[in-house]
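A single chain comes next, written as structure tokens; it is the form predicted on its own.
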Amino acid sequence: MNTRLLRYFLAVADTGSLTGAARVLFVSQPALTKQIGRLEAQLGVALFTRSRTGMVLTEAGQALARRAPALVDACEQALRETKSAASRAARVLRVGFIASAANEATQQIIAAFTDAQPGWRVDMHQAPWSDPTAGLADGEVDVALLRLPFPGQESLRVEVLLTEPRWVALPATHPLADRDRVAFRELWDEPFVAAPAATGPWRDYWLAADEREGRPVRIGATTDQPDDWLQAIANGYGVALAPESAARFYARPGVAYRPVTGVSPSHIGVAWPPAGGGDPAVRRFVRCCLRARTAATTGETREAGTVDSDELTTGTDSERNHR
């Protein structure tokens, strides 16, 4: 049985609604309805009672709902371990990332890793904003360079690598684009270009939802990719908070970036599964990340792979502070 069908089933069971589940899964409602029907046909039982108030589990559906989460978790863990083993055999480290990864330090980190791990290569996998873990949660990558905070962060090991101010990206014709800097308070009533709602805390962070003194957020557009995000801003659908580095990595005509006061900074971290700490390649990559962090903050340099072992421990101060 396809575990995707079980995930679809669990989403409908959790939300009690085809519409709500479709939104969470990023699929159309007709497509989801078809997949639930396919699962029921395979099992030969009705899993839901459909009504105007939503989707109610039948007794058979309740039985499956009790067992399905463990089935899906076990299958996905097996697939993660299989893919990870294949990568190790091929001497490939799969690194997920969001947007500009670790900014200019990214190339330094990769170069340090390949020097320290001869014969290995790094495969970079850019993820859409609908997956703030950049494939880490699904086992598609071994380690990731991410923007903090992100959903599921508490189940992973995380080290903060750098901190930078958040700026605002504006249509070039916006009245505030003429300012040297903008107070966040002046943006509260502006429509914002946002990440998909299913990203939860990650979306809220980039809307600074907790820093508006209770003022509700206006959403002008929702996008899942940097290019779509830039186009929506240039078209005047809204403004958006962005890291300072976006002005370098995502400069384009029609979009202006300005510093913002009165809003907290952004953090970039390296994240990996707890079990991944036992993988020598993952440990080496994380150490190269920490070496780059040290070099950036102190100007010191060390040979690749010589970071002390106590720099790669569980529950560091930086990890706890940014969960």
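For every residue, the number given is its place in the sequence shown, counted from 1. Basically, rigid core = biggest C-alpha set you can superpose within 1.5 Å across the two forms. If you're wondering where the values come from, they're calculated on a predicted model, not measured in any experiment.
Just so it is clear, the following notes concern the form predicted together with the DNA, a form of the same protein that is not shown.
Inset, instruction - Work out which of Pro259, Gly54, Gly254, Pro69 lies within 4.5 Å of the DNA in the predicted bound form, going by heavy atoms. - result: Here the answer is residue option Gly54.
Legend entry - Segment assignment from 61-69, 279-287, 262-270, 29-37: heavy atom within 4.5 Å of the DNA in the predicted bound form: Single hit among the candidates: 29-37.
Legend entry - Distance check, Ala11 to the DNA in the predicted bound form, heavy atom within 4.5 Å: Result no; Ala11 lies far from the DNA in the predicted bound form.
Legend entry - Displaced residue check between this form and the one not shown: Gln35, CA, 2 Å or over, core reference: Yes, Gln35 moves 2 Å or more.
Inset, instruction - Determine whether the C-alpha of Met55 shifts by 2 Å or more between this form and the one not shown once the rigid core is superposed. - result: Yes, its C-alpha moves 2 Å or more.
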